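What follows is a single chain, given as structure tokens, in the form predicted on its own.
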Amino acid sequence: MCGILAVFGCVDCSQAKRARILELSSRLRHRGPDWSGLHSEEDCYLAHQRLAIVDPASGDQPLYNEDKSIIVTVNGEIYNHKALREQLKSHKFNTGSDCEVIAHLYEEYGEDFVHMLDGMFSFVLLDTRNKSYIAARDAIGITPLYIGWGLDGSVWFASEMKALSDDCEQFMAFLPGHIYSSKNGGMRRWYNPPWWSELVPSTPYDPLVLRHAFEKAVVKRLMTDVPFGVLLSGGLDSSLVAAVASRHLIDSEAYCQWGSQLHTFCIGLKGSPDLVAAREVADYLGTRHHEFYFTVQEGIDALEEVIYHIETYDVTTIRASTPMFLMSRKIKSLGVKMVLSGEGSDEIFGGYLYFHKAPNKEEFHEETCRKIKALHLYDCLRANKSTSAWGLEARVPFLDKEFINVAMSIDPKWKMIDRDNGRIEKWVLRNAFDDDEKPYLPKHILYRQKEQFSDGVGYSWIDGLRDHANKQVTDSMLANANFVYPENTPATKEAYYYRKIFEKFFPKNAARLTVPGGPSVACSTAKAVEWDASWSKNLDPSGRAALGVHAAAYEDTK
């Protein structure tokens, strides 16, 4: 991951303004500690903080076309850059960077090229020939991007809110799958997959098609010139990522530099479910496994730093980001700069335990669509920012565009949970990798019940957070919360505590509006809370709030 900052239309073009841009860009240096770059062109600035993953020697940014009339600053990875270079043989490339193709694609096709990119990305591009500029974000919002507006009429773009919140009067999250064009003066959606309409698909389930699509998604993400590994919680999703990566590593470019033994990483409280399951998977796959521990107090001590980096006050995101933040620091200390992770599967396949109560396939499918569309506000934000806080890049094969299209085209009757016929959550994915001849995973791991990351690291983690918040927030503070925080009013002391920390770092109203709200149970949308009347009394994002489903569910509050 890298950090980008771009400003267009500044009234002040003095040396002091340049210094201010450099200062603001340095707030993103944790994302890209390897090098810093800045291009200024009259009243325009494009800054970059680089984390070097592909072509570390010559891929510094901003990047240019041949005559440097087009400048681009990019955060992300373009997995099909070699194929795109083949289509651009008339162009001369200056670096081996996968992101340089963006400048040449724009030169060749104008603004209508973003759909050609296969990867995760946020970029801003300046065309000095007509002083126009564009900005775009990947299909799902794996990489973060914000847009803001200054009082002087300037338009700002940044990877994280902290780089523009002080200098912009208004700002918001840049919508995933969209492009902003200064020529047209606004955003338009470039990502238009078949599932976006939420119409119920009817394609029959083919386990081999699904398996091959996922294997392809994992293999393309082994593109790296630096040490890497897999985040392995021992749950289905991360275990499948590790299994496929381990199986195909010997055929990848990474094998030539880093050998055939995959590194895997896990964190938890001592004795937690994830640590036990991850160790078993690692032993089965023969990975070089790294097990990290943290205490509840260490997690609590990190909360302010975590909230500063992930830029949200959403309860479940903070719960899960804290152990991931601590683990990322340990991983980076080992010299690793890139990891594969399992985010996105639960949204695509209805893996959260509340999906057990989906009343029919239509509502099941519509909920998965809603969950995918909101990923940039939750799991993508967590996975990206909690790792990038330490200069670590997380890649998410489940959110591959081609894989999503395959998975979301399956008739959702196959995804529905049917206990009577042995179909637990994500059965279609489990079954696709249930190979008796060449097993990917042990059966009991392949069919392990869903654990949300914040639960799997140890149930006492969430209990400890609640206890701590209860000591920090009084009954009267919570009773008056709707006056202090009229937008997204915190309903629990834990939520109030996180909100208070967030507002210390990001006090503007625009900042608080970047965080979603509404009731949720076990990570559901507000709409899905309607599926079970008992859930309204247990509104908590933990999987254990799925009463009657989770094996260690909270007790029902009558």
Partner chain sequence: MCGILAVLGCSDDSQAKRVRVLELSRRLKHRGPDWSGLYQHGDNYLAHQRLAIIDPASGDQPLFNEDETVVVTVNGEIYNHEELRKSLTLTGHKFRTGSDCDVIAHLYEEHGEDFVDMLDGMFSFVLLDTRNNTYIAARDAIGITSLYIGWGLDGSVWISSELKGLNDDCEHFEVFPPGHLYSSKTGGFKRWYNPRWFAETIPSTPYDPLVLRRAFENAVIKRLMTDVPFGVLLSGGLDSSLVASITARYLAGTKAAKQWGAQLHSFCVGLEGSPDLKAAREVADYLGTVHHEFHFTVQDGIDAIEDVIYHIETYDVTTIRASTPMFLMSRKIKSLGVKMVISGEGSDEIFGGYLYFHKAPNKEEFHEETCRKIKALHQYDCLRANKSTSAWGLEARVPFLDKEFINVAMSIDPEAKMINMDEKRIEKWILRRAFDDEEHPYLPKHILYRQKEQFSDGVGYSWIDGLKAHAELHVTDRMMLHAGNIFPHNTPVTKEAYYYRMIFERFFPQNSAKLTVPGGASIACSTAKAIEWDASWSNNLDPSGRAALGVHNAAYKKNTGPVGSVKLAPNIIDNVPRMMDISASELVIQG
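Everything numeric in this text was worked out from a predicted model, so none of it was measured. Residue numbers count along the first chain shown, from 1.
Omitted from view is the form predicted together with its partner chain, to which the following refers.
Contact with its partner chain in the predicted complex, judged as any non-hydrogen atom within 4.5 angstroms, is confined among 300-308, 199-207, 160-168, 104-112 to 300-308. For the options 217, 432, 446, 326, the one in contact with its partner chain in the predicted complex, meaning a heavy atom within 4.5 Å, is 326. Among 131, 212, 85, 468, the residue placing a heavy atom within 4.5 Å of its partner chain in the predicted complex is 468. Its partner chain in the predicted complex is approached by residue 333, whose closest heavy atom lies within 4.5 angstroms of it. A residue is said to contact a partner when one of its heavy atoms sits within 4.5 Å of a partner heavy atom; residue 527 fails this definition for its partner chain in the predicted complex, lying far away. When contacts are judged by a 4.5 Å heavy atom cut-off, residue 517 does not count as touching its partner chain in the predicted complex. When its partner chain is considered in the predicted complex, residue 405 lies well away from it, no heavy atom lying within 4.5 Å.
Although its partner chain is not shown here, in the predicted complex the stretch 36-64 places heavy atoms of 36, 37, 38, 39, 40, 41, 42, 45, 49, 56, 57, 60, 61, 64 within 4.5 Å of it, in sequence order.
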